[in-house]
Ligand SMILES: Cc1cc2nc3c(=O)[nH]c(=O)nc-3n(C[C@H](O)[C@H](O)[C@H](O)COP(=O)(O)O)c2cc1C
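Quick heads-up: it's one chain on its own, the form predicted alone, in structure tokens.
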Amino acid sequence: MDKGFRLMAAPLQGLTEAHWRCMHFRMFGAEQGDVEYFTPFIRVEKGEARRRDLRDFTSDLNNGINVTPQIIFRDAEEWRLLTDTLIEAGATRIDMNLGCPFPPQVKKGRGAGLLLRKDSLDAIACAMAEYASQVTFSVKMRLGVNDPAEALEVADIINGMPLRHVTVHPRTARQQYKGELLTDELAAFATRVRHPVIYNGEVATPAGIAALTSDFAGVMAGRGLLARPSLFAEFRSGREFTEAERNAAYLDLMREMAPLLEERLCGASQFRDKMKPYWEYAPETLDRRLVKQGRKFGMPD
């Protein structure tokens, strides 16, 4: 593996939180320490950073893990509030969400919606220089809201930002997570930006990662990593795990994560509700009886 090629765990709301990051790191990342984990986005609520979002970043479960908080915002005012709060909380890196495709966020000008608000992006780009001595930034984005040309229209603004990298999911917000990957449009955007480009989107196999190493500075996996937690370990080793090994890795992560959650949640109902979404990503090759029990009770017998 190219030592300069970066491996990143994507932020997924309600899923890639501190308990998941902690166990994934211990099981699949501790030895190499080369995975950068991103928190689900932290947003403004009632004039301050939403407290439960902030707790996920400051959790003691993050100790020793390479964790970067992600923020979502609609203008420079919200951006400053969140940036100042995270610096106070000890952040030295911040990722900026310009890619969330969900209509309630986009309609309010947050996530991918900010790609259509050049004045706000310009103001944020100018403000970033004030924080250069305290924190470094990165961006995670879509190719646009409705049209992939929208990313090209803000490329110069992105170039003016002091960024470690730009992570791009090659779809528009309107596509959400379905439809064709706009790889040609991504290539056009990548040639326009001066920052290292990280690929995000349908990263599901070690071979799929290997195919990206010559064109991108790294990959960010989200749903693919939930379904196949051994994904990065397989890529590192150069050996694709057997079906049995992949299934075992998935079940082992769930079994290790369960007691961590039980300690922090109140009762069987909360535990079940928190664990249930993970079983939606269970490998298709996994025993359906176990999956059914997991969806019903949180964990199989």
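Residues carry their position along the shown sequence, with the first being 1. Because the structure is a prediction, the values reported are computed rather than measured.
As for the form predicted in complex with the named molecule, it is not shown, yet the points below apply to it.
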Hey, in the predicted bound form, does G201 get a heavy atom within 4.5 angstroms of the named molecule? yes
For C22, is any heavy atom within 4.5 Å of the named molecule in the predicted bound form, or not? no
Is it the case that F235, even though its partner is missing from this view, gets within 4.5 Å of the named molecule in the predicted bound form, heavy atoms only? no
Please determine whether F57 contacts the named molecule in the predicted bound form, using a 4.5 Å cut-off between heavy atoms. no
Taking the named molecule in the predicted bound form as the reference, which of L121, V106, A221, V193 has a non-hydrogen atom within 4.5 Å? A221
Can you say which of 266-274, 237-245, 35-43, 251-259 gets within 4.5 Å of the named molecule in the predicted bound form, counting heavy atoms only? 35-43
Considering only 146-170, what residues come within 4.5 Å of the named molecule in the predicted bound form, judged by heavy atoms? H169
